[in-house]
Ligand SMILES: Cc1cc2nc3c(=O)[nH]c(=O)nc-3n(C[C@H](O)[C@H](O)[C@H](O)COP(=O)(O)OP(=O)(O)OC[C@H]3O[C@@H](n4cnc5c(N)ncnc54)[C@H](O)[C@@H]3O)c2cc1C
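The chain below stands alone and is given in structure tokens; this is the form predicted on its own.
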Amino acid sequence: MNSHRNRPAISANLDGRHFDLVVLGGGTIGLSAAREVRTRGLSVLVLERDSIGRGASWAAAGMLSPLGEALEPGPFLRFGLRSLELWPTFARALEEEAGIGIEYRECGKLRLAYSEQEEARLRRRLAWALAQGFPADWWEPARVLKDHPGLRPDLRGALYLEQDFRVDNRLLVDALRRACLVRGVELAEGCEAAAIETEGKRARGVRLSNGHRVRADRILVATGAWSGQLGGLPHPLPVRPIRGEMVALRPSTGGVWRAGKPGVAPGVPRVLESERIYLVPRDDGRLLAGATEMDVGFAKGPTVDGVMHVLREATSLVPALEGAQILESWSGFRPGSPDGMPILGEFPAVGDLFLATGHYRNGILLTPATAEAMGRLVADESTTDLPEAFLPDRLF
């Protein structure tokens, strides 16, 4: 895979240029919103401080898990389910436009119980899911182990969530990058936004860290964990980095999931999750294991302690993974907000300044719904798509 194909040149000619919209941040949120706004005929520039899509979007596992993340009914669950509903059409259209498959799989998830307390919590979650009308089931240990013989055998059962999918987030990044270029979005890498520039309490441009200035009628902040460092605002954005560390493995045997019959390919493997670890399969046989969660600022990983923690938990859940090959370890910074909710909408004290940040560990899941809502809002088509609990004015 050549993830840098069609890379646009970065030059000083951005200085003084004018765009209808400048998007700060080239992750899945920023790219998808830029692509959506461009369909309205607006000129769009994406500014990325590093390389396109190499932040939290690259470091994620690609789980699409609204029921797994929501603790109760409410705005997050509704928005997450809306995004999950959009994913099939979003994926097909993106693959066709970019010419890249993104490995979108409607695979389901098993949440595993290994103690009486874990079982009780999962059974309560099952009752809640069924009461809300969501497809879910309780699988007894024999059924789980039949399909997943590599699991530790002292299993008490598992909650099966049918509406829990996965996507290859790195392929998604590459597809969004290429689709933006196809639509005429301009991309500039290595261009860090230092401050928003305003005129009469309205955003009118961006000053870059190299001193250059870009003019804009509208600005969308999608800088993830770095949003809190953006200058020029009446109040700093309350977003902090939460470091996560992951490991990619290649099992030495196919024992995590049951092999298919001779001559018959196995079904699409499910995501497996306990209270301490998740295992996300890829179609090529890799297994992603993660993740740590550390509030340590921008201290980079992966660390020995973090990687060892992931490996201990992964091999405890699946003892056969002790013989797996370690392919890669990495870390990323999730954008955390004070209340754990995304920050979506117009900045309350600065006109024409929009925020799409604070997605924490759900940026991949919420990409289609965020793009849909922000595309309409930025293009002045709608102000009613976003849950009140997500609006920025709750924080200032």
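Residue indices: 1-based, along the sequence shown. Model, not experiment: these values are computed from the prediction.
Absent from the display: the form predicted in complex with the named molecule. The rest refers to it.
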Given the stretches 146-154, 312-320, 184-192, 132-140, which is the single one in contact with the named molecule in the predicted complex, using a heavy atom cutoff of 4.5 Å? 184-192
Can you work out which of 291, 98, 110, 249 has a heavy atom no more than 4.5 Å from the named molecule in the predicted complex? 291
Picking from 33, 44, 60, 344, the single residue whose non-hydrogen atoms come within 4.5 angstroms of the named molecule in the predicted complex is 60
Whether 67, 82 and 368 all lie within 4.5 angstroms of the named molecule in the predicted complex by heavy atom: no
Flag residue 279 as yes or no: does it have a non-hydrogen atom within 4.5 angstroms of any non-hydrogen atom of the named molecule in the predicted complex? no
Residue 40: heavy atom within 4.5 Å of the named molecule in the predicted complex? no
Is residue 354 close enough to touch the named molecule in the predicted complex, meaning at least one heavy atom pair within 4.5 Å? no
Contact flag, residue 222 vs the named molecule in the predicted complex, heavy atom cut 4.5 Å: yes
With the partner left out here, which residues of 351-366 have a non-hydrogen atom within 4.5 Å of the named molecule in the predicted complex? 359, 360, 361, 362, 363, 364, 365
